[in-house]
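In the form predicted alone, a lone chain appears below as structure tokens.
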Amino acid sequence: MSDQVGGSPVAIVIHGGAGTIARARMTDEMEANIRQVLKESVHAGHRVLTKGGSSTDAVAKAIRVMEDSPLFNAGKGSVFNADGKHEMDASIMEGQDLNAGSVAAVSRIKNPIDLALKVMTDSEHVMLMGAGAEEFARRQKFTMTDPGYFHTDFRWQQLQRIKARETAKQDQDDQWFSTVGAVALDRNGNLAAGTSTGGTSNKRWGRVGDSPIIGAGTYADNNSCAVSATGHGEFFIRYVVAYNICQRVELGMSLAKAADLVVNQILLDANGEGGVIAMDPKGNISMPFNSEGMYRASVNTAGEQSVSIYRDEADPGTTLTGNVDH
């Protein structure tokens, strides 16, 4: 059933990160749990849209579901840095007026996407970081979260494996890019995009990737498209991936071609691994990636749903068993 009644058609697409757990190492239980959270996330955002809510609220809602899960590298499931602590980043952007907000290197914010949203709506700035971002949060009446909330044994053991291989001067095989993100189109025809991450495991020196950088990891413009990226952040920054795609769309290239060109040619040629989710003002969805997999889910303008992890799975148009909860 189409979602065109009462305004423009609505659609949403989410990702839970590229460079996912290799198929050979994925247990049936873990895969089922990941797919369930992806489904819950995309449905939560879609419900906002079908009730007339904004694309911004839908994006924040969908991301919040993944931030609250220990299965993804954002919020609760964030990786540890080299000092055994958490430094989380997030950003959000609106396509109607290019308004945006982001935070970097926060450690006591349960849902970093909420603080990024607050920077956008209640400050004159676009990006706040570290202690300053958390001081802003306190003034906005955010409850500071005990750092222990973010500790998961899964991520702690991941850090120990990375450190052990580093000490032994062995190649790393444990660097997943499990950022989370969402892109949505609401009944008013407005696009929005958001991204949230714990960064890379064992990161040093206050390293910040592409996720909180407008134009690199997140971008939205009603005149072209909205994008949330996931992958090796340094490459996504260098090639301004999110804006790169939208600019090509604005110049007349189709969304699918623009996203594929940037991810599977420009990034690949530079040895940059990852993927994006993208949507244009008509609700067309593109989800290219050049890694083994990318956690992703969508509900398109026809109401068709998909939840996928690996390359050989169908994307938009594949209907899951059961209806979307409205």
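Start at 1 with the first residue shown and count on from there. Since we're looking at a predicted model, the values are computed, not measured.
From this point on, the text means the form predicted in complex with another copy of the chain, which you will not see here.
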In the predicted bound form, do K61, V65 and L71 all put a heavy atom within 4.5 Å of another copy of the chain?
no
Does any part of I213 reach within 4.5 Å of another copy of the chain in the predicted bound form? Heavy atoms only, please. yes
| message | Given that another copy of the chain is not shown alongside this chain, does R108 nevertheless sit within 4.5 Å of it in the predicted bound form, heavy atom to heavy atom? | response | no
TODO: Consider G189 of the chain shown here, and say whether it contacts another copy of the chain in the predicted bound form, taking contact as heavy atoms within 4.5 Å.
DONE: no
* Taking the shortest heavy atom distance, is W205 within 4.5 Å of another copy of the chain in the predicted bound form? -> yes
Note: another copy of the chain not shown here; in the predicted bound form, the stretch from 233-241, 155-163, 189-197, 71-79 having heavy atoms within 4.5 Å of it is 233-241
Restricting to 247-261, the residues within 4.5 Å of another copy of the chain in the predicted bound form through any heavy atom are Q247, R248, E250, L251
